[in-house]
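To begin, one chain is listed below as structure tokens, in the form predicted alone.
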């Protein structure tokens, strides 16, 4: 069988992946290449510094943010992803450039539904050939956007939600293969498609740190055990943290702390929740902010407890895979364990409701020794790596290709 040629379309660059969606898309590309597929990857995204201040791929296209603030006459915050598909689909020059970059392909992998209008235009134009379609669903986007609209008190958001739902349904209906990250999402998607649905959970890449980086953080943070929360500025990450620790951080003693890493940091520190008990919270939160991979790896290796305070959002969370893979104490909400429910009985894992129970569990974990690492738990944690979680997706493409 000749190597399958795949064009992977995404909504963010993956040369320097930082947030969860970028990491998933990057690892999908790597998994495909690892199977010997010929892969071209192209992304369209708003031209904000989070993306443009870092290296971009040959077919990464930053889009002017001013043109992405509304969709079909309906304006709302954080809809650049929805607006991008229509913007690119109507741009003849960008479509032609994408066709030249891709060449003839056997498959297009559409990660999230946002660029479905681009896929449809490519099919109409025919320049890349009669391709098959993989729809990679990271979560049920309609539910996620509905939660974000509620958080931002968006009025008249229903036409936008209707449009997102239509995109999700059409992406699944037009696909030859659908990949979801959780069984819950798979069940939700079953009614939208006749195509096979593959479970391709989120995973983790192993990390290593240097003694120098670990010594740096020991000097900064001191000798006391600390908890670690790593997240992007995605709104549910901010609200989840605030909701999970209750009214404030008072359940932790003054010598206990949670280290915040990632772009979530500044948003938690600027929230009304943080300000209401500012001095108390400041004694128990250390803001590390956005870090290099090396610095973050050192923090992961030193963390006594990983906290997973998710209360909304769809799909599954890559930070859950990282926490479970660490072998350290993990305190998670039930929502954070979506897709990883089978791992809830690993040593050191506590799943509890947000609020006082969650905060108290974090405080208690910081007083306990690290959980033991037996052979069985090590073997189970090994299944969390991307090479395991994405194997079924690659298998399905190979099997489908053999039938064609």
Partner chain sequence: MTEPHAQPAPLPAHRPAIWVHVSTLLNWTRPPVGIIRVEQEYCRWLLQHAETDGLAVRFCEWDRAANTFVEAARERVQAKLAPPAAAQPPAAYQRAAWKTRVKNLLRKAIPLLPAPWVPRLRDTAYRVLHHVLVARARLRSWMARTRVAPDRPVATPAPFGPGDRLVSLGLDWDYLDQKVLYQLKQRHGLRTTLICYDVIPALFPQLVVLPPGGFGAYLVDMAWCADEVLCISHHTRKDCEAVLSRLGAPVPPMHVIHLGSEVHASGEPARAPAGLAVGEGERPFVLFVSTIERRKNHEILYRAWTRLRDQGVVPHRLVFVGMQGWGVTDLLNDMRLDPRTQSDIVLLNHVSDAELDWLYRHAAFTVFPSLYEGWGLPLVESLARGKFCLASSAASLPEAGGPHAEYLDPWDLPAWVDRLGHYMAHPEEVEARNERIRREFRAPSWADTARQIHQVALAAGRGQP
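Since we're looking at a predicted model, the values are computed, not measured. Positions refer to the first chain, counted from 1.
Another form, the form predicted in complex with the partner chain, is not on view; read the next lines as being about it.
For the marked spot (73, 75 and 82), a heavy atom within 4.5 Å of the partner chain in the predicted bound form is absent from each of the three residues. With the partner chain omitted here, the record of contacts in the predicted bound form names 279 to 287 of 185 to 193, 279 to 287, 232 to 240, 140 to 148, defined by a heavy atom within 4.5 Å. Of the heavy atoms in residue 342, none are within 4.5 Å of the partner chain in the predicted bound form.
Contact between residue 253 and the partner chain in the predicted bound form is found at the 4.5 Å heavy atom cutoff. Proximity of residue 161 to the partner chain in the predicted bound form falls outside the 4.5 Å heavy atom cutoff. Although the partner is absent here, residue 356 lies within 4.5 Å of the partner chain in the predicted bound form, judged by heavy atoms.
This chain lacks the partner; the member of 95, 302, 269, 248 within 4.5 angstroms of the partner chain in the predicted bound form by a non-hydrogen atom is 248. Contact annotation: of the candidates 293, 215, 224, 124, the single residue with a non-hydrogen atom within 4.5 angstroms of the partner chain in the predicted bound form is 224.
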